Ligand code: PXG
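Starting off, we have a lone chain in the form predicted alone, written out as structure tokens.
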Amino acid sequence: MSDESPAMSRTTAEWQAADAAHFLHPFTDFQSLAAKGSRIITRAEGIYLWDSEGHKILDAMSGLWCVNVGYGQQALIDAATKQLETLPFYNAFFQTATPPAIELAELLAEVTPPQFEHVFFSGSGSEGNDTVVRMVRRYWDLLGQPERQIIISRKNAYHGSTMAGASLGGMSGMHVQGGLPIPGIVHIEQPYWWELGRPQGLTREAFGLQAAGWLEEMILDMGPENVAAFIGEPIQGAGGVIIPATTYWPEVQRICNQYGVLLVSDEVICGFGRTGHWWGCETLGFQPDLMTFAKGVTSGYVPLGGVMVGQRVADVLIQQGGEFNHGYTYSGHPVACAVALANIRLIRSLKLVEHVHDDVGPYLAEAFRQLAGHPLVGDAETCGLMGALLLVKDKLSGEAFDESVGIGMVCRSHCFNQGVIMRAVGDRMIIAPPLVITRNQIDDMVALIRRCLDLTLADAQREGWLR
């Protein structure tokens, strides 16, 4: 495929004008974007995108953490086309089902940990986490403990942007808009060693135990008889790729078991091979009662999400009887499920989980160890095909840049201009490339990242931000 953009019915400026006139983007300052103009992405193949000006861009964020099998996989396109021709839609209400939804439920039971035999489908991860709130409270109600309403989450977590999803998340910028969080959701500190453990002089392992202990403190503060569940991402994605110590999740598991609290793993980002196992909970070493999924289930080709429901919960929901008054028009959408089936089968046939675990994951880890030597990098971490570089003002002391500098956004701008997509979360530069990436492509990506770090360093030196 050539690097030139396809024939366009409008110029870039015309697309931008129409965009500004009609399209309200998510998480966007509308006035600022209208003045600047959107980047118009027109096509994609493999791990690359092309914009309306013909620029080739290495997508080191897999779209939005989701295009695990890369762009342009014909098997997924064919699956969608065939299903659209056969049965483009029917719902799962009124005691009906469609073959793709049933087959996908079967396949998900195969590729998830053994406690999972049931799935509740949604249209996204946000909807999946709304379902979690409804389901865990329904579970305790059926057990005769309706007072167990409180769900514990973490600061800087991301669980979606619906009312319940944003409430579960711990991002203060979201909570100040819309009267969030909703009642019954509380937050503990995140397991971010660099920010919270390193200043205390704690090892990562010691800090992992301390951070898990905050969960027990909150349970006792709220009263165990009032706590329904704890929810967490195995690795916090949108929060900056915060990789907890190996001691953290096993201790969280022990605490949840001790107090009978349901454990929910939000696998929207970590699932389907991202961490080098099918599921992040397998990589981090815990056994959840519920798992939220989305994104990688279809590699983002069409929207689909859901909740894997462990036997502890499913047995109560099924055997206690009564209607669960919750669901979505697109629960088990046949086209989405058909694409998900093709996607999971492709992950299996290409052995992408093994590819991440045995090959490109370790290769990326070594490449990031090399980037850790850059003058701007205070810390470099990876897990599977997730990675983060922390940009610091002083490498020896770890002193941060003044927040007003916006060093992460400075670096992100260079990334776009140099042809690689990284995401800036504060001063953390993060990546999550498609699982099909090769070693040679990782070399290309890392070379681009290093160039952007050099350009950012030059900016910092010229502007006096290092003094």
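Quick note: we count residues from 1 along the sequence shown, nothing fancier. Since the model is a prediction, treat every value here as computed from it, not as a measurement.
Another form exists, predicted together with the named molecule; not displayed. Remarks below refer to it.
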Task: in the model of the complex, the one of Y158, F230, F120, W278 near the named molecule [non-hydrogen atom within 4.5 angstroms] - done: Y158
Task: Sole residue of V313, I269, I188, A388 within 4.5 Å of the named molecule in the model of the complex, by heavy atom - done: I269
Open item on the list: The chain here is shown without the named molecule. Which stretch in 41-49, 431-439, 403-411, 58-66 comes within 4.5 angstroms of it in the model of the complex, by heavy atom distance?
Closed with: 58-66
- [ ] Look up in the model of the complex whether R154 has a non-hydrogen atom within 4.5 angstroms of the named molecule, and give yes or no.
- [x] no
Open item on the list: Would you classify A238 as touching the named molecule in the model of the complex, given a 4.5 Å non-hydrogen atom cut-off?
Closed with: yes
- [ ] Indicate whether S124 is a 4.5 Å heavy atom neighbour of the named molecule in the model of the complex.
- [x] yes
Task: T298, heavy atom within 4.5 angstroms of the named molecule in the model of the complex - done: no
Open item on the list: Using a 4.5 Å heavy atom cutoff, which residues in 410-424 contact the named molecule in the model of the complex? It's fine if the answer is none.
Closed with: R423
